[in-house]
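Okay, so here's just one chain, in structure tokens, the form predicted on its own.
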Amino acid sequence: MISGVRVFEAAGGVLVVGGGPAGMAAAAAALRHGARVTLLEAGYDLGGQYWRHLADERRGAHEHRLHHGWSTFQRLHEEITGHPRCDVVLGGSVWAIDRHDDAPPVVHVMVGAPDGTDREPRSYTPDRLILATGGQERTLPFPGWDLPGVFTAGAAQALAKGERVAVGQRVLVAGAGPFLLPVVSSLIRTGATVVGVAEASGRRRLARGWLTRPWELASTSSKAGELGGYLKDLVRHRVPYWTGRTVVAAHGTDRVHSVTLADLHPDWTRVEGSERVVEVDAVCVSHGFVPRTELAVAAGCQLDEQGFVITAAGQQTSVPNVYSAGELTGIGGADLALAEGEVAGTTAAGGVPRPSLIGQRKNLQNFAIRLESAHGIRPGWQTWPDPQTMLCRCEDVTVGELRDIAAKTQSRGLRSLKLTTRAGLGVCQGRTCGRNVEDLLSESLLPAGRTSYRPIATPVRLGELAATITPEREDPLP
């Protein structure tokens, strides 16, 4: 039963939000430098989406086969969970952050199963706060993308890793970026037949992104080994890999039964007349990742033009004593997240990162630049959806409705755009459609990352909110 808020002052302590690679690395580094650490993770175990795995009671003996860097996870997990100065809080969802001018923000958390009714409200007042909330997949809308049988690639991989379930027997994987490849491997290992991989970027762009100054890739040779493993799966199972091509429509009534593939120009507009239909019973789509910046925005952290959190050399944000690491600062993969997390944890604990770590981070940041150069979303995608294409699934807002209403109302603010178009006003509060809404409107209406502003970061029941009010927290009457 909820009995008011427990306040954790954690004097001298570091609070890390996010238990993925960046958060785990940050917590471990802060512990090594003498700090007392609290690590908050919303899931049932540490690892994040990258090391998503079965619960202890369902864990198999060969789980490592579905993961890269599994030994790193095991090392960090043992270092963190066995440390006497570390408190790992699983099932801890941050629902709000209160800013303070002269101190780190107060972090409000509900601890317990998200679908439960007896979560415990807590508030943390740390001396240092590290935000490592990661990123989430971005999927560009096209006609039929809301049909049953159309999955995000991340969802397909999560089902494969976390439940050992294949999303279909005849699956096509499409989108952009190297993340498509581990998804293919996961699907194969769960018994699916992958009929092809459609990478939206063309060969020339891929070559410019990855083959320019190839000697610089030597420092990221571990990624080459990982890539080689995925390519080996493609060859062994004879999976075609097409470039400059993508899914522009999915077809079906109760569920998808086929998709239309089309060739793309360099700006990702479709090549007319290149369409061909492929029969499938599932399709997995991913066009990269966007950072989950709602907590960083709530804390007052400044974002750059692409919507990433701006950080200094020690991963400090624009808010004193608040640090950020991982996908929040740029999409670069697990290795960069690990490096940035270690820098953030070291700095937040008062230490100085070793020069080799700073050099490693720089090399991996350059790798992230290549990633964006080769696979970053191009504006021509905005020609794929027709006016009837669903954009906001929560509120049933189509692409045509968004454009028409925005043009008629000339709304400029996020609040007025949400209220008039209803896009991003539903349960997910724009997590799925937000970036696509920003793109489909002109830049002057909503800058990148603006839709991440949410006073309530995660859904909270009114009863839970009411239970957090104590006589001491009630505002005095005038």
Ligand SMILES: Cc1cc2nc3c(=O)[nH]c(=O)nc-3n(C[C@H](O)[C@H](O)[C@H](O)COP(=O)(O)OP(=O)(O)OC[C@H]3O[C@@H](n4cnc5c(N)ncnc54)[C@H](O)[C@@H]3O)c2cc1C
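Heads up: residue numbers just count along the shown sequence, starting at 1. Only a predicted model underlies this, so the values are computations on that prediction, with no experimental measurement involved.
Beyond what is shown, the protein has a form predicted in complex with the ligand; the following relates to that form.
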query: Contact label in the predicted bound form: residue 326 to the ligand, heavy atom within 4.5 Å; finding: yes
query: Non-hydrogen atom contact residue 367 with the ligand in the predicted bound form at 4.5 angstroms; finding: no
query: Any non-hydrogen atom of residue 48 within 4.5 angstroms of the ligand in the predicted bound form; finding: yes
query: Partner proximity in the predicted bound form: residue 291 to the ligand, non-hydrogen atom cutoff 4.5 Å; finding: no
query: Contact check for 42, 135 and 179 against the ligand in the predicted bound form, heavy atom at 4.5 Å; finding: yes
query: Candidate stretches 255-263, 234-242, 88-96, 163-171, one within 4.5 Å of the ligand in the predicted bound form by heavy atom; finding: 88-96
query: Residues of 226-264 having any heavy atom within 4.5 Å of the ligand in the predicted bound form, listed in sequence order; finding: 226
